[in-house]
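The chain below stands alone and is given as structure tokens, in the form predicted on its own.
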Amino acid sequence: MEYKRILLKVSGESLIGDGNYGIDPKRLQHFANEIKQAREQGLEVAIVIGGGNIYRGVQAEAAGIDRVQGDYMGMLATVINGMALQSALEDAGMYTRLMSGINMEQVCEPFIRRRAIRHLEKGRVVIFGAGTGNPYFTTDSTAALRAIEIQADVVFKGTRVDGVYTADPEKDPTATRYSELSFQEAYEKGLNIMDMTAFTLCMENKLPIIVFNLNEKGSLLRVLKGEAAGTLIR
């Protein structure tokens, strides 16, 4: 394969499954199986998971909560999701480490860059929770930052569709998929791939992004092998 170390970005909403909120055990098991297939190919895998299925910081103002307070609540939600995914991965026979941008030693390790890299070198799946540990930064930005810090080869962004389209394919049947884009093209077309902070971090550090459908069985491994649809931004 072209890659040795990848960072997989998973949204919190993707854990909901067919429900309206919370964590779907079947979806957890699906993600664990996808990641296990990648690990069996010798890939080093790090993961950043969102918290939108539990709480999003941007909901704070609508609820009358201070935005900074709300962002910290969202960070704690990502740790809950990280713990759930960690359990599913270990049930599937993988060794894992959950690392947090906020110190909470009872449930996870603090994020230390060199330690994270060492875990990956030893074959452990590393999950990064609590974002960057700072308000006003999304989990997309966390994914870009952590990928750069651990020297990942690529960011895989798992979504509900198999790549980046000219329009929303769930609303516009005439939308067509891009197989490859440059960062500049994506910026000029105003394509909503990641927030601008995350996108700029990837562009300035020449870190490619692959957008693909993580909900399809075997999709991560097929995209890694170049056998399935996805959009490469580089």
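When you see a residue number, it is the position in the sequence shown, counting from 1. Everything numeric in this text was worked out from a predicted model, so none of it was measured.
Separately, the form predicted in complex with a small molecule exists; it is not shown, and the next lines address it.
For this session: May I ask you to state whether Pro169 is within 4.5 Å of the small molecule in the predicted bound form, using heavy atom distances?
Result: No, no contact at 4.5 Å.
Problem set entry | 4.5 angstroms heavy atom contact with the small molecule in the predicted bound form for Phe137 | Phe137: yes, in contact with the small molecule in the predicted bound form.
Problem set entry | 4.5 Å heavy atom contact, Met75 and the small molecule in the predicted bound form | So Met75 counts as contacting the small molecule.
Exercise. Is there any non-hydrogen atom of Asp24 lying within 4.5 Å of the small molecule in the predicted bound form?
Worked result: Close contact is absent here: in the predicted bound form, Asp24 is far from the small molecule, nothing within 4.5 Å, heavy atoms only.
Problem set entry | Option from 44 to 52, 28 to 36, 173 to 181, 186 to 194 whose residues, in the predicted bound form, bring a heavy atom within 4.5 Å of the small molecule | Among the listed stretches, the partner-contacting one is 44 to 52.
Problem set entry | Site test, Gln151, Thr200 and Arg234 vs the small molecule in the predicted bound form, non-hydrogen atom cutoff 4.5 Å | Judged in the predicted bound form, none of Gln151, Thr200 and Arg234 sits within 4.5 Å of the small molecule.
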